[in-house]
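Presented as structure tokens, the chain that follows is alone, the form predicted alone.
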């Protein structure tokens, strides 16, 4: 007999959709959108629908595995956890707990996925990762400027006169926002897209401005320069609510509009026209995450923030420098959940350079790596070094649902549940501010699959701190919601409704009270001065460009982008797509013309870090000398493209430089 239950998408995605899940004989047979969800309103993407295939796949890992003489053997949970616990105990005794590296990413958004941090804190504190492959430079940048990284609520777009989508293909990554763009455009709003690629969002724009990859901050600087020349700046805001504006003016006086036009490859007349667009308020800026995946990434976001401030679009309805909305995640009781005070030792490695740091680590060396919620061999830059590092340690433990590229390297692989086989709640700190409940819909998990909460609980018992995990799943969820109970948000109510609105600022900084040291918007950041010795804005450019490294640019003349795939959430779905998955190499028309490439040609793309081979697809409307290869592709399908990317951190140290990458290409 069939039944339908409400649930929610667990994927690390902008939209965080509500689901209707159809179940028959304790098996998921269909996933649809929940029409009652206030934001997603019954529409979901293909990645969400594929969670059915992911849950039911015959390729799922069903039993604990141990590698013996290079081959995986099925073992019992008792053996697997006892052996891992003994190793953890011995490492703690002989080397200290920081000889363990916890390599964690964000494949899924369940609040209880954070219990791994509680485990490692109670163990004594391990080597952890800081920064983010995804959005870290931009988060840090907005903390320097505003004091926090906050975005306007989705409905505020109806107040916008002009909308600038900057480096973000919402048609691919944020479908419900894309629908809103179509609607507000019909109502008369003007839509501008600034992007090196002529993507599906650019196709619906009133104007698409192509730009040299990585030069977005310089374009923002040029627009500000023109706003000031034309006398269109918001003088009241600048005089009363900002700090360091004189430093910005001094910077802009050092460069001509002609030079900025040359470097960005955007016509000067277009820059002047954009100055008029931004000051024809309210104008909203919606930034993508790719903008800050360069060496100059933090500075790029800061210059775009500065553009919003100079044009008077901060703290007003229909405006905003919308990048992230981390106030959503800040609603929950994370400290009580993860117990950071239980750490006795603590060491941090950069998430971008974790491989190099593993190989170089001393006092102590890394003896064990435990991987949760990620596939680092595919997702971490400079994959060749990643493989070397992850195969250098005595013990690699991977908690997974499938035999990923990383799992293949492991000594122990522990099979874990999918979202529909466990209870949790989900939220996204990117687009909307609603929390979604996900009940356990499948009662009988396949094989001997266990939840991560169960795994950590059992290991905690073996290591002597089981009392810190002596909670039911419902009790865990209630702990996380404690700060919200007084505002009427309880687990009982969330279960009943499926979705609840979190109490966040819908128009950030409306009161012009900023969370910076000065209490103002900071063009010159005091936090930046404290952390890195300078909080000044600069006219910085990517590390791999003709402006910074002309010899490299001559040898590798093309900019490589590695954008989010259409049908997979990073590397999660490629093995489920059916048929042969190819690595597609999308090239700008000028590259195809210069090298006599045609659709379907087999090419080699390379630099000094590595190479990949794939099939050409000519990309109409792409900025000259631009190549794109979607990220996340497994080795058996031709990837990962991160063989080509650098592990160099961003300017503020908290972001990746995945798009700061020059390559060459040839037909083979």
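Since the structure is predicted, the reported quantities are computational estimates derived from the model, not experimental observations. Residue numbers count along the first chain shown, from 1.
The discussion below concerns the form predicted in complex with a small molecule, not included here.
A.B. asks: Look up in the predicted bound form whether residue 586 has a non-hydrogen atom within 4.5 angstroms of the small molecule, and give yes or no.
C.D. replies: Although the small molecule is absent here, residue 586 would stay clear of it in the predicted bound form, with no heavy atoms inside 4.5 Å.
A.B. asks: Considering non-hydrogen atoms and a 4.5 Å limit, does the small molecule approach residue 140 in the predicted bound form?
C.D. replies: No, residue 140 is distant from the partner.
A.B. asks: Using the partner position in the predicted bound form, report whether residue 47 sits within 4.5 Å of the small molecule, counting heavy atoms only.
C.D. replies: Within the cut-off, so yes.
A.B. asks: Decide whether residue 570 counts as a contact residue for the small molecule in the predicted bound form under a heavy atom distance cut-off of 4.5 Å.
C.D. replies: Yes, residue 570 lies within 4.5 Å of the small molecule in the predicted bound form.
A.B. asks: Heavy atoms within 4.5 Å of the small molecule in the predicted bound form: which stretch in 517-525, 81-89, 501-509, 557-565 meets that?
C.D. replies: That would be stretch 557-565.
A.B. asks: Quick one: of 460, 484, 541, 373, which gets a non-hydrogen atom within 4.5 angstroms of the small molecule in the predicted bound form?
C.D. replies: It is 373 that has a heavy atom within 4.5 Å of the partner.
A.B. asks: Find the only residue in 149, 111, 399, 274 having a heavy atom within 4.5 Å of the small molecule in the predicted bound form.
C.D. replies: Of the candidates 149, 111, 399, 274, 399 is the one lying within 4.5 Å of the small molecule in the predicted bound form.
A.B. asks: Is the small molecule in the predicted bound form near all of 12, 105 and 166, within 4.5 Å of a heavy atom of each?
C.D. replies: Every residue of the candidate spot has a heavy atom within 4.5 Å of the small molecule in the predicted bound form.
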